[in-house]
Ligand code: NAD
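A single chain comes next, written as structure tokens; it is the form predicted on its own.
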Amino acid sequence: MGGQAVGIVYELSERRVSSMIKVGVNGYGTIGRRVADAVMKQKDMELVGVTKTKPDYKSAVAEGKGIQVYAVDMKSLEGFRSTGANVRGTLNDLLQRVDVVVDAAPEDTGPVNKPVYQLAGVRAVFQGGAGDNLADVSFVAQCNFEEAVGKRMVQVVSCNTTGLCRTIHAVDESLGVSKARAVLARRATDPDDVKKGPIDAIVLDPTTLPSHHGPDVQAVLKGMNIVTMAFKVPTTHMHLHSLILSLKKPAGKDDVVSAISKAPRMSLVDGKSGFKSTAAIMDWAREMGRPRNDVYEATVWRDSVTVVDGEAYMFLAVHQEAIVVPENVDAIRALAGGYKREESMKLTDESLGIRHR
């Protein structure tokens, strides 16, 4: 099975898949756990298994969900077996059983993992931060799904880059964007990470300007004129962007809001409705019954949208743990082939409960 694109056949009345896309997830951390759960919700995909470096509560949770757990290597396998934990084999064994592997391993391990995937003959989806020059395409589904169809390696861009690409693309499609500028207030780390700061500090990230997010956006939105800068703040829930877009067409606030509201995987909130912080957005997700309080949408404050002298200003919130999850699912379909962008995104969004509001 490894490495061969799955043939997918549709009927016009209902899109029934003749063959399941077999997927493995290498890494079961913040992104890996979410992608694994999302894959299990897809009617055209089978989650073959996930990898872990050692037995812990996360591997126990995976096993409790009926997910097959694999060790990353032989040393890791010995660690699992020494504790009596249930383990199916190693990453190499997993790769022999899948069509596509989602690389959700720790940052900067992509250059090590890529040749392993190539040797096994499987297609791979990398994450932003996995390393540079790993993939044929930098991927955001609504922006360039078609570019990734049938490729061997795709890199889903980072959470911040995904949020920027979705938002800029939405406005550019309707009104045209001649220049984008963004200041990113980045969360310090994820909620379960107690090893990183900052504590009682705002950290320039980086001190030299501009930040890498602009070139990352340009890898998806070719030719976009964008400059970004960023800093870290002592919070674990969501990033907040201050975004300025120079518009090509004459427009007002309502035009910009309309462009955002029509775009997929975008959400609009209002301060007058109680959304006065990123915490309120997370609380909304919790009350809506979203798994892990996940906010898959790039979220713009409607009342922040302002147009002055042809420039649109807005606040944009990005949930770093969740926004790239639907992109990973669509990237799997793009690699496997047989889908158009709208078809894949519809299947993904329906399975994850993403709706236009």
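All residue numbers are counted from 1 along the displayed sequence. Model, not experiment: these values are computed from the prediction.
There is another form of the same protein, the form predicted together with the ligand; it is not shown, and what comes next is about it.
When the ligand is placed as it is in the model of the complex, which of 292-300, 39-47, 61-69, 314-322 ends up with heavy atoms within 4.5 Å of it?
Only one stretch qualifies here: 314-322.
Taking 4.5 Å between heavy atoms as the contact cutoff, choose which of D132, E107, E78, D136 touches the ligand in the model of the complex.
Checking each option against the ligand in the model of the complex, the one that comes within 4.5 Å is E107.
Identify which of D254, D190, E146, D270 has a heavy atom within 4.5 Å of the ligand in the model of the complex; exactly one of them does.
The residue in contact is D190.
So in the model of the complex, does any heavy atom of Q127 sit within 4.5 Å of the ligand?
Output for Q127 is yes: heavy atoms within 4.5 Å of the ligand.
Exercise: I31 in contact with the ligand in the model of the complex, heavy atom 4.5 Å
Flag for I31 set to yes.
Applying a 4.5 Å heavy atom distance criterion, does P55 contact the ligand in the model of the complex?
No, P55 is distant from the partner.
Contact test in the model of the complex: C159 vs the ligand, heavy atoms, 4.5 Å:
Taking the distances in the model of the complex, the answer for C159 is yes, it comes within 4.5 Å of the ligand.
Would you give me the residues of 282-307 that have any heavy atom within 4.5 Å of the ligand in the model of the complex, in order from first to last?
Going through 282-307 in order - heavy atoms within 4.5 Å of the ligand in the model of the complex - there are no hits.
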